[in-house]
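Here's a solo chain for you in structure tokens, the form predicted alone.
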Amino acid sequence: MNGYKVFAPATVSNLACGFDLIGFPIHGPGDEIIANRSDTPGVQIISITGAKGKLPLETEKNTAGVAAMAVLKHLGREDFGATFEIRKKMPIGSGMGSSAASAVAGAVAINALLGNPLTKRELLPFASAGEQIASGGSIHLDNVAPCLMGGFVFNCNNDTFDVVRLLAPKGLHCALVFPHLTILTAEARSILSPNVPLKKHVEQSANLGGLIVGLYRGDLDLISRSLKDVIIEPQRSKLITGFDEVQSAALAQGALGCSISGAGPSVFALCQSSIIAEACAQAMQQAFEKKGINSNAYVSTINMEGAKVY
């Protein structure tokens, strides 16, 4: 075929206790790329919609373009030509993995045009290269890997792209609320203290271990006890107006846990059923509304497929 449509989903990362280490994708919002063969070598981005002019058309400055070119370079196919139409179907600077979704879509799209010589896992370094330009030059796999592969994904090692797809109990739902605030990843990282008290480190490590064990065992009580962030959330929550009230509203509706999605300002609640997730989403939106903040809500099962080619 000469053309494909690729969709890369939004993601929830950190999951309270797993800063930079764990994430999962949802259904609904994401990024879409229409990719077609071209006689001109390289990748040309011919249009971007839904970004309100915030993203560059220059290939070397665009996360999708950088990821696609990295694939071509790796395969020795820099003579290959493609055009991308990028359709942003999720907000930028939302804590929903916007830049990661673009990068993943770019890598998957060029791979599809080439006849899929690489597996999804093999595409991870190249998608990460694209996302890297949006995150200040550092590599973080907690959005890219789940967006690409689907399901809960744990990052063992950034340098070697060593990631593990985790088991998870069926029926888990996510309520994700995006308040109409903007927090860029670089800004959210700049306020973090480089020093972590030993007691907090031990507590956070225990929570992350408990979350992983809870996912494997399907132990909802253990998952709930473990979805607590004692290091990052206390520092970042001040950037999100009404966060404490939103978190309390979700927990009051029966959420297993509630915290900041990625760098924020989106807030997620992990829930054991769709009914609870819908109630949480409504309560979280109402809490933001009381602070004078409009928001969008998404209720979804865990997306087990990740990036998809049509």
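Note that the structure is predicted; figures quoted are calculated from it, not measured. Numbers for residues come from their place in the sequence shown, where the first is 1.
Just so you know, the form predicted together with a small molecule exists too; it's not on screen, but the next bit is about it.
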Original post:
Quick check: do Asp20, Arg189 and Ala263 each get a heavy atom within 4.5 Å of the small molecule in the predicted complex?
Top reply: yes
**OP:** Using a 4.5 Å heavy atom cut-off, indicate which stretch of 122 to 130, 139 to 147, 75 to 83, 204 to 212 touches the small molecule in the predicted complex.
**Re:** 139 to 147
Original post:
How about Asn14: is it within 4.5 Å of the small molecule in the predicted complex, going by heavy atoms?
Top reply: yes
Original post:
Does the 4.5 Å heavy atom contact test between Arg236 and the small molecule in the predicted complex come out positive?
Top reply: yes
